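The chain below stands alone, shown as structure tokens; this is the form predicted alone.
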């Protein structure tokens, strides 16, 4: 195996050698009130993980996109600094005699996620396992969804988690990937039929009924998530991924229009019938009606944006992270508001710019893919990261009702981190195959 020197990747990783330790130092100085470096073990561990990932990609001769790892490492570095800034007893690991605080647990999951990413990026050189078994993957997703219905644990009103002894995991994070694999395979196989649909309902063209049923099944699954799991965020994410992939595959605006009409109608019915949906929407419309109760989180998040201003309060100086113990889900759902308070509008927009760059590189990988399935898979995976970021940011800023999705690579959570790194691993694998095909004399 020939070594491929990934010089651009290395050059963009080098600034993290300064920035991540500096973030840890600044937060420690602000909290301790003393000019001292404080504990830097977590920062050095994080840098070692990312350096190891670069080394493995280099030694394995990987030709995948060289911007993905630096962008993810920078976003993750911001997240780890913020999580280290929060009270460490908000979350953590206590199993098999191991006691880790929140930031240390997140670092552990970074290690697991990077290993999974490398296993997929380096070892997964043929997409046949995904392409030819799309219905098997769909059945696996349905089984995970059913397991969540039956065995799920309700947290903050939504049934999202399954307990496996000392470990909890969130099936929705992995169902997202399985859903993308199925839709990519289905659209790649039936693209011509869906594009040339002849059936009509009034002025709207629709595909023949046999090809419409899988799309209706996805809609029903989304509505079931709203009703049974009370998971508005993941339902919105799944449906957004589906509509985006359908439009990219066919270019037909009528399909997107039908999907939006169905979603709006379903949401209206859900609002009328289910109290948890109505409560979320009512808090979104007027959080100040109950600022110390149902609207507590939204109100404090808005105040955090206001306090942050243009340049922020400074690392370690924000009020929102300081009251993390009394502010539910600041380490997950409201990590963006906490970041915006301390880094300001400039820092928040910088974080969003990195997320946008990640989306851009993912779509570029889709454009360079050598077959329809790989292209659709890259589109779906990229959309999942971009739309998830958009949903949490919009929820924090009160642009849409608050949902329970996480900020990829920033929010605390092992399931979210592992799933996000699997997405990056698949994108690296797709871009590697495309680069190999583009080489002269490639098979």
Partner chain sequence: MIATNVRRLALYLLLSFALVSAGLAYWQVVDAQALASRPDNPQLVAARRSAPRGSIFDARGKLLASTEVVNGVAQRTYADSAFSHVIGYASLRFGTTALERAWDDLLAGRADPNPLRDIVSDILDRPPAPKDLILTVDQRLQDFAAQRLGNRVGAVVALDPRTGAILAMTSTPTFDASALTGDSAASARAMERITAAKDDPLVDRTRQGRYPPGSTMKVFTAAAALDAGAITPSTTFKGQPRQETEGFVVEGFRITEHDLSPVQPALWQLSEALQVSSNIYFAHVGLELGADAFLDYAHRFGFCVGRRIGPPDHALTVDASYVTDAADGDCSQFSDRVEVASAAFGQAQVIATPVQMALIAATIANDGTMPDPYVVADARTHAADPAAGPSDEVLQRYASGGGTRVVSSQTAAQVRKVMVDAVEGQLGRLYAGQGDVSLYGVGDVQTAGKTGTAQRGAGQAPHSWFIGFAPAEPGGAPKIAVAVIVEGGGSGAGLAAPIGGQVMAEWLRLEGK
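Residue numbers count along the first chain shown, from 1. Worth saying up front: this structure is predicted, and the values here are computed from it rather than measured.
The same protein has a further form, the form predicted together with the partner chain, not shown here; the description that follows concerns it.
Just one listed stretch, out of 138-146, 106-114, 85-93, 251-259, contacts the partner chain in the predicted bound form at the 4.5 Å heavy atom level, and that stretch is 251-259. Taking non-hydrogen atoms only, residue 306 approaches the partner chain to within 4.5 angstroms in the predicted bound form.
Contact check for residue 300: a non-hydrogen atom falls within 4.5 Å of the partner chain in the predicted bound form. In the predicted bound form, residue 57 stays away from the partner chain, with no heavy atom inside 4.5 Å. Shown alone here, residue 291 lies within 4.5 Å of the partner chain in the predicted bound form, counting heavy atoms only. The putative spot formed by 319, 383 and 399 is fully lined by the partner chain in the predicted bound form; each residue has a non-hydrogen atom within 4.5 angstroms of it. Proximity to the partner chain in the predicted bound form, taken as a non-hydrogen atom within 4.5 angstroms, holds for one residue of 349, 151, 133, 271, which is 349. For the options 53, 417, 43, 376, the residue carrying a heavy atom within 4.5 angstroms of the partner chain in the predicted bound form is 376.
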